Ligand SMILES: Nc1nc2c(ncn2[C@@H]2O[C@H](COP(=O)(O)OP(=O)(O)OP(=O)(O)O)[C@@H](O)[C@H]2O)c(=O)[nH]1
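One chain is shown next in structure tokens, namely the form predicted on its own.
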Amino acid sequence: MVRSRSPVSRLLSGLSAADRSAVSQALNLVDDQRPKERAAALELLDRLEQRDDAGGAVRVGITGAPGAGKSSLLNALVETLREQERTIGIIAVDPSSQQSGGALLGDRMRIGFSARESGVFLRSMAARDRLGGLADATYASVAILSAVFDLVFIETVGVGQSECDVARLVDSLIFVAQPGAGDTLQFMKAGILELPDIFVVNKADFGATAERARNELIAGLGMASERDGEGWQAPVILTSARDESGIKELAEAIDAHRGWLETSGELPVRRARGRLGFVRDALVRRYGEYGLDHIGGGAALEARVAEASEYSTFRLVHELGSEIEEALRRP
């Protein structure tokens, strides 16, 4: 008698076939907190990470202040990419409802046309208790979408520490600025100019105001130009989601940055740095620095993460967390 395949094996087959229902089921699984489902989610994520090649999907973060037009810009960008017959996965991270814990702004109207396209998959997710940040399920969801789609976009709510969080998760970070908001000096003070790989001044239809904002950003980047030395130099692109100007240039910049990451050898370095950052952040959030000290502190953790190549990122958090809990129980 032939045994039926496990639920995880069926999900993996569905993901390989780009089955949208399998994508939805996998995303629901990694967001489920029940013990049995958590075990199945870890198995799924283990197997996805094991079969992921050195590159995989292009992972792109889009962040910026509320009102900068991130959703409209992403909608226009996705339409352009779909004209190239590239498939797109989108995670839109929203603030959480204090009552339900769900995504407060989550609805598919924010990325209207593109979300209804057959080659596009959109999932709204709540930041949960991480004000301005990303819930653990967001990281797991990126791993799932990366196994199915050509490009995966993460659009943040654009407040708090979201820029730092999403920078760990993606290969390319796009910062969207709004003309006339006077944000450039604030960006410099907050160190935000050090993070993005591509800058966009949206709403080019504002005319001279948009041009002035672009020039301010270019000047600000000139003051911070030593961050990459002779490496990637972040472009500043003027776009208009309404007029669709600059959208093709933005798509080309994303491809150019991915090409640079691959040829320079920076892609695996960035992925490894993001893996370490995710593991450390997850452990510190759950157990604090005191808990981390029980496995040797930050330096020891970095060595453990580098050595544990056979573990997925998510399995590593689980195993190290269990180790910390056991150490904390000792008298």
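Remember, predicted model here, so these are calculated numbers, not experimental data. So that there is no doubt, residue numbering starts at 1 and follows the sequence shown.
In what follows, reference is made to the form predicted in complex with the named molecule, a form of this protein that is not presented.
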{"property": "Interface segment, criterion being heavy atoms within 4.5 Å of the named molecule in the model of the complex, picked from 271-279, 65-73, 26-34, 297-305", "result": "65-73"}
{"property": "The named molecule: the contacting residue among V166, I90, A177, A241 in the model of the complex [heavy atom, 4.5 Å]", "result": "A241"}
{"property": "In the model of the complex, the one of I154, V157, L217, A147 near the named molecule [non-hydrogen atom within 4.5 angstroms]", "result": "V157"}
{"property": "4.5 Å heavy atom contact, K203 and the named molecule in the model of the complex", "result": "yes"}
